[in-house]
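Shown here is one chain on its own, the form predicted on its own, set out as structure tokens.
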Amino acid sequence: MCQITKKSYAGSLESSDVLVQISPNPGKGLEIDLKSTVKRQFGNAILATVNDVLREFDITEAFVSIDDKGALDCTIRARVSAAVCRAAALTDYHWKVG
């Protein structure tokens, strides 16, 4: 299991990007706060992607804030992965290409 030990960020608030903030959430499980310019159309898909990445890292306790500006799925995956790696101090993550 991967443990979030500190607050971290990945991404930006530029158009077509997403700002991901992740922080420890001891004893409270997973909480995800989603703000998105396309939440009405793609909110469920964005949450599914975020949850999928968190499952890949076996994250069970964290507070995740997502501020989406219309990012593609691959961008959301990359930003969540980077934020998790920084927050958990992972240095041996093998980034997938393609």
Partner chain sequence: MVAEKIKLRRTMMYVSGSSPANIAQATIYGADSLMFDLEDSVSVNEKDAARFVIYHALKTIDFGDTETVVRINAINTETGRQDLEAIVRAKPDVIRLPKTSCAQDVWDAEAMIAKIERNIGFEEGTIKLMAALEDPSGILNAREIAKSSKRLIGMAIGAEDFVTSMKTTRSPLGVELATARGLLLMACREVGIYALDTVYSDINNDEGFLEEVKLIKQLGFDGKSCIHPRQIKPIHQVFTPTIKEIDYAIRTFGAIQEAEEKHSGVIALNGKMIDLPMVERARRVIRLADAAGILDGGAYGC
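Positions refer to the first chain, counted from 1. What you see is a predicted model, and the numbers here were worked out from it, not measured in a lab.
Omitted from view is the form predicted together with its partner chain, to which the following refers.
In the predicted complex, its partner chain sits beyond 4.5 Å of every heavy atom of residue 21.
Although the partner is absent from this view, residue 74 contacts its partner chain in the predicted complex, with a non-hydrogen atom inside 4.5 angstroms. Residue contact check for residue 16: one or more of its heavy atoms lie within 4.5 Å of its partner chain in the predicted complex.
The closest non-hydrogen atom of residue 88 lies beyond 4.5 Å of its partner chain in the predicted complex.
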